[in-house]
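We begin with a single chain expressed as structure tokens, specifically the form predicted alone.
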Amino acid sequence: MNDLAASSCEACRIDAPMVSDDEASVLIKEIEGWHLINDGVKKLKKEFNFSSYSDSKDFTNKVADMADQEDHHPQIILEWGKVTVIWWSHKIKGLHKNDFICAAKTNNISKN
């Protein structure tokens, strides 16, 4: 387990600092398979592939449970054999370290 996955999210305030581009370029290397996207808001995105809808649904539920525990919630798109997870911090309209922590935790869920 990497340091990010072992961390917990901190409460995100509206004045919390966003992760800088330099910080993001370092942190992204710790979360295998994730991509930085920008649709007007910087976000982390990854697609996970599964052999059935049931497996996709089970993964989605595990990610949702982890998100509730961390009190940090992603966009999750559930499809047959595929789940897309997108993390960003709504309050600051961008990326916070919490997003990288939850992306690392999401990767761990996918390996179990």
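All of these numbers come straight from a predicted model, not from anything done at the bench. Throughout, we count residues from 1 along the sequence that is shown.
What comes next is about the form predicted in complex with a further copy of the same chain, which does not appear here.
Here is the short version: of Leu36, Val41, Val26, Ile77, the single residue with a heavy atom within 4.5 Å of a further copy of the same chain in the predicted complex is Ile77. Using a 4.5 angstroms threshold between heavy atoms, Asn61 counts as touching a further copy of the same chain in the predicted complex. Residue contact check for Asp65: one or more of its heavy atoms lie within 4.5 Å of a further copy of the same chain in the predicted complex.
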